[in-house]
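Single chain ahead, written as structure tokens, the form predicted on its own.
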Amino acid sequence: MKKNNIEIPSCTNCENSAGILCSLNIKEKTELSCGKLDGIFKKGEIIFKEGNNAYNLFCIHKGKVKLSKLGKDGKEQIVRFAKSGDILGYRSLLSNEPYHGTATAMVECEICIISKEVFQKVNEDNYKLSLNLIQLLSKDLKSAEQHLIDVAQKTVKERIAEALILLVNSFGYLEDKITLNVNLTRSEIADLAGTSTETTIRTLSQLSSDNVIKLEGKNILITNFKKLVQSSNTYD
């Protein structure tokens, strides 16, 4: 983590409006602000590491973060992403366990660091926040269960397509409305889909040949989202 002249605004003046902490009242937001630290994390810098004791809640003011776990062979497995307004580390604080995964900055990130004690006090005093956390945990569980089913039952092409849909839903597009607003390496996409880098490269090329996506260097353009959904064999 580095420090510079960037000053993250207080929780009462935060421009993020869809985050889980937005349900707090002015008094509670002020309490969080008084007890928070401002963290600036460079691209590739670890925000917290799997297995370390959980002392803080992290709220992303600006930036993109990947959450990953290490397998028995030491291979990284990306489990989810987080963006501006999202919180990190809540599962560990609620369960009083070490961090369940490693959070890494994908771009330079501005992050509010809130102590475990302050977070727990505010959570105890706010029924709506507790309910929102339960819903967030339920969503996490649903996603984990679905991922297990997908790895066991879906083809590699379906999983790669589904990974691209996840990136669209997590980060959206650039101003052209078709270029993904995030750059992942082919290895990271492979980790997300549970396959090898070589297979990922071949599958992306196949999707490009099928006019579902277009590859421009590190950028991935979703030229036919409807066809991408069909390729993922996902129905909700």
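Residue indices: 1-based, along the sequence shown. It should be emphasised that the depicted structure is a prediction, and the values quoted were computed from it without experimental measurement.
From this point on, the text means the form predicted together with a further copy of the same chain, which you will not see here.
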Answer with yes or no whether K154 is in contact with a further copy of the same chain in the model of the complex, where contact means some heavy atom within 4.5 Å.
-> yes
Although a further copy of the same chain is absent from this view, report whether N233 comes within 4.5 Å of it in the model of the complex, heavy atoms only.
-> yes
Answer yes if any heavy atom of E76 is within 4.5 Å of a heavy atom of a further copy of the same chain in the model of the complex; otherwise answer no.
-> yes
Heavy atom of I46 within 4.5 Å of a further copy of the same chain in the model of the complex = no
Which listed residue (I165, L94, V118, V107) meets the criterion of a heavy atom within 4.5 Å of a further copy of the same chain in the model of the complex?
-> L94
Within 138 to 158, which residues come within 4.5 Å of a further copy of the same chain in the model of the complex, counting heavy atoms only?
-> S138, D140, L141, K142, A144, E145, Q146, H147, L148, I149, V151, A152, Q153, K154, T155, E158
